[in-house]
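We give structure tokens for two forms of one protein chain below, kept apart as structure 1 and structure 2.
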Structure 1
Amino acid sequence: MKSWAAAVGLPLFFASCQAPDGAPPAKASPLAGPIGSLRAVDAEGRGNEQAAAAWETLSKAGMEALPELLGAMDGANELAANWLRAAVDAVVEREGRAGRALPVAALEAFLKETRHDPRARRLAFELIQRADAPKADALIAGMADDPSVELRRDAVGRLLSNAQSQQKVGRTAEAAAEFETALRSARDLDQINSAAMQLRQLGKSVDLSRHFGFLTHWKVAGPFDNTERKGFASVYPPEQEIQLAAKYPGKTGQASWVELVAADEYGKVNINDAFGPLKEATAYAYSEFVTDKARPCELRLACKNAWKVWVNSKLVFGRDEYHRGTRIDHYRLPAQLERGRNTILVKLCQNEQKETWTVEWEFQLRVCDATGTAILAADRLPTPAPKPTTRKPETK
């Protein structure tokens, strides 16, 4: 029989009651029951009454309970994590008013365990910062490659600031080295652009397309019909089988596969470059991705048109929406890469609208891990020379 802890998915360090090597069972935490009640709450409102009662108990815990409360956020859903964060806040406020100090050493140990939930680790860092700002500053200096994107952002911000200080006093070589380190570690668009701009001003080359992991070499087929927006649900031949030498009945005559290279450094693949500015049309973009090992990944897509994405012939996701705005990494699609050759197919539909702002028929897609770190294909081709552009990447 599963324990209650296993049933609600508590981390193993809460669920375990059996000590190793036949030693007597460890004493269960008195907070395990209330923590389990909080973690059982769901978005449909089930478990709210029990969670409220559990929160009352947890909010009366002492400062020494903070690592346990933070650890309970591992694997918790968003609602449960909010309950737990509120419990942490309540403990800190009540115990602080009573003059009790935050357990900085225990919080530091928790922070350094990168397996913990990024939200919990960020909260642990903020508590350390409240209690001992110099220690927090020293800790963040070593987090430029942290799996928590929020903590990494603070560390990269520090690198950028240091580089700018070096630049102001004429130490350009040192500044360039700091900017290069910042760029390698940066995962947020504003910091990436800031580091890239500074490096270019210092005469350094920057390959943003490679940094992001954008796929730049595609085969595209089309145009197929999308009259009355029926193309999204229609199954055209490329969805059934990829035959790059094949020719198909298309919207305006014969449809076939043609090469399309994205020379935009932010990975924009412009379907209009292949077929012209068509309306009520559907196209497919196909690319292959070779990797030396099987691994989970994220496909991060931006597209203003209706779209679907397949990986290795399996539909990952799709959106039947048009011209609602987009930005880099607008959609994050978990996927699985297999060892060797992987296939990626994107379906893109243009609707009937004629306004100038509806002409764009393009997408950008990159392969990365959950932190946004690029996963590069083993056979990645050189990045195409970027075309001159005055358009900035969209962030909203």
Structure 2
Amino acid sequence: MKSWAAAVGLPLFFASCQAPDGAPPAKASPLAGPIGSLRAVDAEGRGNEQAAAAWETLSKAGMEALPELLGAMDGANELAANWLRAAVDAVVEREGRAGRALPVAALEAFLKETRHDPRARRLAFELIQRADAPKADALIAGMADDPSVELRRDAVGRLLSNAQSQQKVGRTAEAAAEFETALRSARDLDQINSAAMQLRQLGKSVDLSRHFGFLTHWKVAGPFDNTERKGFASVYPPEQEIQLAAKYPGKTGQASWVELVAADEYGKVNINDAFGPLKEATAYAYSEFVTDKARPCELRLACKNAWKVWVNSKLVFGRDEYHRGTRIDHYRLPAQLERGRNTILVKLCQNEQKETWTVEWEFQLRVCDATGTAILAADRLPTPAPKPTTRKPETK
């Protein structure tokens, strides 16, 4: 945490500390100091020594401290969350061996407060599960739309299981309804695929591209050069200004913007379709995204080629790696959408490798929130009809 963030964030955290039932704490907690030390850890090991000493103190706390330790994960950075998680593990392990019971009621109250950190709530759930499995089972039933993707996954798993049971006894209408509910809530690829496959077998149509929120309509420009992989660092005209009518000197002649549509239900945009299977080439893909309000989002990208992404002309991230493998949501890129029209530019570099598995020059990009729930553009065009394909569903 940067010093300004520490100065602002920690007082805010302690000011907002509340008992699990939402009531304000009667007095400052004796654990507040050590918790503050854990929350102050930051990059490259900063704050570790103080955190280690504080952790020793926290790890000796009793079971009653668990809601406070879990609550301390709210707004904590990922490193601090891990310190806190390890403290929870240590407390539960030691106190459990001493025969002390988990504070199930307090953990349940914590779990039900969806404002808390999703991972902390999942941890609370797992502790409840350990102490009272039937209670946990009952709780998970209502969590199909939970902000915690892990809690949601368990709830969706149950929906899928119920739907399959209905299907087995011939109640196809009920099964279809339950599969549809499961699909709406599912955020993990395997569960999405499972629900979609079952629905299609029941004669229902499924728009996977829309479910994920893949961007399907692009303009692409290229090819530009990427000999000796130098294109990644080279600044070609589309990085300086988007002029969709412009023509540029390219690798094989004039480069201009052409339409490219992702006729793949997993949103794959195949650059080879625009320019042919080139090697040592660079292309740009451009799309616009209209939203009715400013909001944070995640761009989730899958790409086996070297790439860079800009949102509203601001570089979000880039990675210079080729053909090592990819999967849906490979890269999660936090970004900010502005009200109205947003521009998204993707740079894609293809390298010199000649092996058959290095032909791919493609990407998938979707816009979603932190749970993976699609954010759809206000002016989203209908999903393109999928091209006939023999390709298997995406499984990773």
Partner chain sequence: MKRTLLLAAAIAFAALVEPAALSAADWPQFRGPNTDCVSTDTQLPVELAPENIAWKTTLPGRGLSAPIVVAGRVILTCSSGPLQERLHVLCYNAADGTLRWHRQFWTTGRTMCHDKTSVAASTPASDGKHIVALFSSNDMACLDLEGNLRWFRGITRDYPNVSNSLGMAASPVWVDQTIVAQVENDSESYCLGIDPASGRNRWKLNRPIGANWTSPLILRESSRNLVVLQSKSGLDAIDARTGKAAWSYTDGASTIPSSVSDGETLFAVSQGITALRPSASGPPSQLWRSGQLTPATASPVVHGGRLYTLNNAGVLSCGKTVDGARLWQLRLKGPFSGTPLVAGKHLYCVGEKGHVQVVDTAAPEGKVVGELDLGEMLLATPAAADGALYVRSNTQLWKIARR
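Between two forms, the rigid core is defined as the largest C-alpha subset superposing within 1.5 Å. Here the structure is a predicted model, which is why all the values come from computation and not from measurement. Residue 1 is the first residue of structure 1, and the numbers go on in sequence order from there.
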(request) Just flag whichever of structures 1 and 2 is the form predicted on its own. (result) 1
(message) From C-alpha superpositions of the two rigid parts, what is the smaller part's rotation angle between the two structures, in degrees?
(response) 10
(request) With the core fitted, just quote the Cα shift at Glu78 between the two structures, in angstrom to one decimal. (result) 4.0
